[in-house]
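Consider the single chain below, provided in structure tokens and representing the form predicted alone.
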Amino acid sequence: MIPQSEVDLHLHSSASDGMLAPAALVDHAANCGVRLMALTDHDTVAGLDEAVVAAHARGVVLVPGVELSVDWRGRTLHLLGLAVDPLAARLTRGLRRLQELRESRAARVASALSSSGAPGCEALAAVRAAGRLPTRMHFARALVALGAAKDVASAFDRWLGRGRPGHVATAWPSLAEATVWVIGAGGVAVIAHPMRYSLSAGARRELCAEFAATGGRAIEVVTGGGGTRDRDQAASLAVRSGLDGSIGSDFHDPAIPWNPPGRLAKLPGSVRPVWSSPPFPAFETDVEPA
């Protein structure tokens, strides 16, 4: 039986906005005791080949994944695709579209920052020099390096967060459309960290009902940084919507101590683990009593 403490289905590498290269991420997760992990970089599967080799060497089961930027009723949400075929044609086309949107957004973010007195062009040049798919986290780190913010949190609060100068609207694909991409790639669609979104309780229920109706299978019930109240509310939402539950640290940076890989609360016994049935490996896991 594999303990849930050895499962982490939401981790990021330097292929998107994580600090560790894919192989180093696998090593770090393994050193933290993780045996079943998913690499879920933002809008890219570029790190999977390297991660697969490293996972094999460490005896870790790697679930190929991705975190997709999507729109639901005018709000940006994140959709995890777990156990996907990274070469599936529809998913590949969708990722190409998302990457083009990210590149276009990066130019608009830089322009908006520059117009507001921040070193937007310099930040964009630093992001481009890193050769990675541009995210707001990359901009935040660049602004810190350029002296425009004291830390990443301040960069979001002053420049990049919702309603701030560098926050620009982006026409992401709909949640329903991206769910079809994941299912078409043989994967499982999971709404990431549902309690982080600024939604009413009723809107969350509607979100999950619509998601389930389009083939979505789970929500992330336990996520890094979430408290007991968030977990309990997400568990209730999953049960009410007939969805499975997932767990994931949303790990990005080993220098941030509050969400190391695998250090997660257990799913309540009322919620079925998303990894307990195909296409996931046949593991038995312990669950918290109902």
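Quantities reported herein were computed from a predicted structural model and do not represent experimental measurements. Just count from 1 along the sequence shown to find any residue number.
Missing here is the form predicted together with a small molecule; even so, the following discussion is about that form.
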**Q.** Residue stretch of 174 to 182, 92 to 100, 150 to 158, 200 to 208 approaching the small molecule in the predicted complex, non-hydrogen atom distance within 4.5 Å
**A.** 150 to 158
Q.
Counting only non-hydrogen atoms and a 4.5 Å threshold, tell me whether Asp8, Arg35 and Arg263 all contact the small molecule in the predicted complex.
A. no
Q) Can any non-hydrogen atom of His42 be found within 4.5 angstroms of the small molecule in the predicted complex? A) yes
Q. Is His252 one of the residues lying within 4.5 Å of the small molecule in the predicted complex, judged by heavy atom distances?
A. yes
Q. If you check in the predicted complex, is Arg75 within 4.5 Å of the small molecule, heavy atoms only?
A. no
**Q.** the small molecule contact at Arg108 in the predicted complex, heavy atom, 4.5 Å
**A.** no
Q | Sole residue of Ala118, Leu79, Met137, Val127 within 4.5 Å of the small molecule in the predicted complex, by heavy atom | A | Met137
